[in-house]
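Read the single chain below, which is given as C-alpha cells and is the form predicted on its own.
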C-alpha cells in the first residue's frame, strides 16, 4: 500500500488507491466466510468437549484458526505494513489429545484469536469493504450523469440525490466527483485502518516488548536444555567409546605382562590388538573434540571450517564464502553446527548428489544458504533435526527458513544478526 507521507497530505497515488481497493475487496470476500466458519467450528468443538468429542476435534480446529489468523498477520505486514507478531505458546509434540486441547485453551493467544473472529466478520468486514465501495460507488454516479439515468426507475436515489432527469443526474455526477476526491485521500487509509483494527484485537496487549521477553525466556530455556543434552551425549560417548577402549588397552597390557615370558607369540598378538585399540580410541577422541568445537573453526574461522566439513561429505559440494571478518565464537559455533546439521539431513534423507553452500555477511547479518538438488520434503518440526537448529539459532536471535517442495530442490536459509571483527 502506498501512502504519500512525504507531503503530509495523506493522498495516495492512483495505483495505490486502486490496489488498496482491490485488496480490501479481496479481504472482505475471503475473510467473512473464513471468520464465520472458524468461529462456528470453534464454538461447536469447544461445546463438545464435555462429551469427549471436542477433546479430539478442538486441537485441529484451533490449529485451523491459528492458520487463518497467521494468514491475516502476513497480509497485514505485506499490504499494510502493520506487524502483528504471533504469541502462541508451544504445545509439546508428544502431548496427548487431552494435553493438546487444554494446553491450547490455556493459551491467552487462543482466546484473542476467538475474540477476533466476530470482530473480523463485522467491523473487519466493513473496514475492508469500504475502500472498494468508496472507489466503485462514484463510478455509478458518473454513469448516471452520462445517461444511465434514462434506464433507471423514476425517482432513483444516488446517495442523497433523487435522480429524475438530466439536471439531477448531473447532480449525482457532482456527488460522484466529490466521493472520488475523498477516495483520493481515504482509500489507502481505510485499508490501513482495517489492519490496525486487526492488530488491536489480535495482537498481544503487552506489545512487542512482552513478546520479546517471552521469546528470550523460551530461547534461554532451550539453550539450557540443549547444553544439558550435549553434556549427556559427551559423557555417554566417552563412557561407551574411548573410555571402554582405554580400559581394554590396560587389560591387554596386564595380560601381555603375564604372557611375555611364557607365551611370547600370544603376547605379540595382544600387543597388536592393544595398538589397534589405542588408535581407535584416539580417533574417537578426535571425533568427539571435533563435535564439541572443531579446531579448524577456532583457528581459521567459519568459512574454512565449512569448507573442511564439505570435504568430508560423500556428495559433491560447492562452498562460496564472502566473509570480510569473523563473528564472535558462540555465533560461529552456532552457525557451524547449523550447517553441519543441515548437511547431515541432506546426505541422509534428500537423495541429493550436489549441494551448494553460500556464506556471506550483509546488513549486519550473517546469512548462510544451503541448497541441494534432492527430492525435497524437508520440514521444521515433527521431531526433525531442523527444529533443534531453529532453537539453537533462537538463542542468538537467528532464524531458519526452509523451502522444500515435493520433488525438490531444498533451500535452507540461516540468518543471524551479528557484527564481524
Partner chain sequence: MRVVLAEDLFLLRDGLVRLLEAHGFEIAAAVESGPELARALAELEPDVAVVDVRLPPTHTDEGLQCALEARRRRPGLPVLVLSQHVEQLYARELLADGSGGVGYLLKDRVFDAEQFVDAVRRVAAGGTAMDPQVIQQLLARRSGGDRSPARLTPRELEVLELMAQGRTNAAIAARLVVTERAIAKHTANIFAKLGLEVSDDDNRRVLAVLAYLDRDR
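Residue numbers count along the first chain shown, from 1. Here the structure is a predicted model, which means the values were calculated and not measured. We call the rigid core the largest set of C-alpha positions that still match within 1.5 Å between the two forms.
Beyond what is shown, the protein has a form predicted in complex with the partner chain; the following relates to that form.
Undergrad: Which of these stretches, 169 to 177, 120 to 128, 299 to 307, 189 to 197, has heavy atoms within 4.5 Å of the partner chain in the predicted complex?
TA: Checking each option against the 4.5 Å cut-off leaves 299 to 307.
Undergrad: Decide whether residue 247 counts as a contact residue for the partner chain in the predicted complex under a heavy atom distance cut-off of 4.5 Å.
TA: Result no; residue 247 lies far from the partner chain in the predicted complex.
Undergrad: Evaluate residue 317 for contact with the partner chain in the predicted complex, applying a 4.5 angstroms cut-off between non-hydrogen atoms, and reply yes or no.
TA: Within the cut-off, so yes.
Undergrad: Give a yes or no for residue 278: in the predicted complex, does one of its heavy atoms lie within 4.5 Å of a heavy atom belonging to the partner chain?
TA: Result yes; residue 278 sits at the interface with the partner chain in the predicted complex.
Undergrad: Using a 4.5 Å heavy atom cut-off, state whether residue 264 contacts the partner chain in the predicted complex.
TA: No - in the predicted complex, heavy atoms of residue 264 and the partner chain never come within 4.5 Å of each other.
Undergrad: I need to confirm a contact call. Of 115, 220, 83, 286, which residue comes within 4.5 Å of the partner chain in the predicted complex, counting heavy atoms only?
TA: Only one listed residue qualifies here, and that residue is 286.
Undergrad: The partner chain isn't shown here, but in the predicted complex which of 313, 251, 95, 234 has a heavy atom within 4.5 Å of it?
TA: If I apply the 4.5 Å criterion carefully, the residue I get is 313.
Undergrad: Checking residue 321 here: with the core superposed, does its CA move 2 Å or more between the shown form and the other one?
TA: Yes, its C-alpha moves 2 Å or more.
Undergrad: My question is whether residue 351 is one of the residues whose C-alpha shifts by 2 Å or more between the shown form and the other one, given a fit on the rigid core.
TA: Shift at residue 351: 2 Å or more after core fit.
Undergrad: Can we say the CA of residue 336 moves by at least 2 Å between the shown form and the other one when the core is superposed?
TA: Comparing the forms between the shown form and the other one, which are aligned on their rigid core, residue 336 does shift its C-alpha by 2 Å or more.
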